[in-house]
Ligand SMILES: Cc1cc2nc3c(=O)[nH]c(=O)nc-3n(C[C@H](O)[C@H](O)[C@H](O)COP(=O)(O)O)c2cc1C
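Only one chain is included here, represented as structure tokens and corresponding to the form predicted on its own.
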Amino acid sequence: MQDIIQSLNWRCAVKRFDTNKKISDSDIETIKEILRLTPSAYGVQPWKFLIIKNKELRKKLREVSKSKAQVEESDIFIVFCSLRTLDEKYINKHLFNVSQTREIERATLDPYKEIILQSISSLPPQEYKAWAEKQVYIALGNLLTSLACMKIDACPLEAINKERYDEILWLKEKNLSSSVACAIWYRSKEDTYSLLKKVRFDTEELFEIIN
């Protein structure tokens, strides 16, 4: 447990990376698995994670990310996307996966399907969008904590022009919307943010015990 606390104290939003280091292929696979295993409401996984390697695309994305250098300089750059719609076809795909993985009859999941349809698919567009983005942020939080435990640095980027990201990456055609991005690498010794003390409110101020 203490190792987790130490890792979270070590973590910071790195702005400058060490260009002499590379993230190993095995660590990249671990990062992908961390995101794959992220929990979501009803287990529907309403997201897709785009690992952007193309340099020209990164350059274009940097221009619509308030010129954040991390977009181009980081070893790994991930765009977190939410599904624009969660239709019956997608839910059927999810439930088929459930039935195959758990070796149960697909028909037994029909009541669960109706719950998902009523709870999520029937939401007004703006409410659904807000819900889907919240799910994506669960994945981002899970990744940030996990990377800290791996002693790999990350800088989440919210100051992105989502409409332009969607255009540059052709996301609308894929039923996706960009939500947030994350640059991943190892910190440079010259990164001043990593030298600063972490600032948080005291536990007593953040928690209230209601008996």
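None of the values given here were measured: they were computed from a predicted structure. All residue numbers refer to positions in the sequence shown, first residue = 1.
Absent from the display: the form predicted in complex with the named molecule. The rest refers to it.
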{"property": "Interface segment, criterion being heavy atoms within 4.5 Å of the named molecule in the model of the complex, picked from 26-34, 168-176, 44-52, 64-72", "result": "64-72"}
{"property": "4.5 Å heavy atom contact, Leu143 to the named molecule in the model of the complex", "result": "no"}
{"property": "Heavy atom of Cys155 within 4.5 Å of the named molecule in the model of the complex", "result": "yes"}
{"property": "4.5 Å heavy atom contact, Arg187 and the named molecule in the model of the complex", "result": "no"}
{"property": "In the model of the complex, Phe96 touching the named molecule (heavy atom, 4.5 Å)", "result": "no"}
{"property": "Position in contact with the named molecule when the complex is considered in the model of the complex, options Tyr137, Tyr90, Tyr112, Trp131, heavy atoms within 4.5 Å", "result": "Tyr137"}
{"property": "Residues from 186-201 in contact with the named molecule (non-hydrogen atom within 4.5 Å) in the model of the complex", "result": "Tyr193, Lys198, Arg200"}
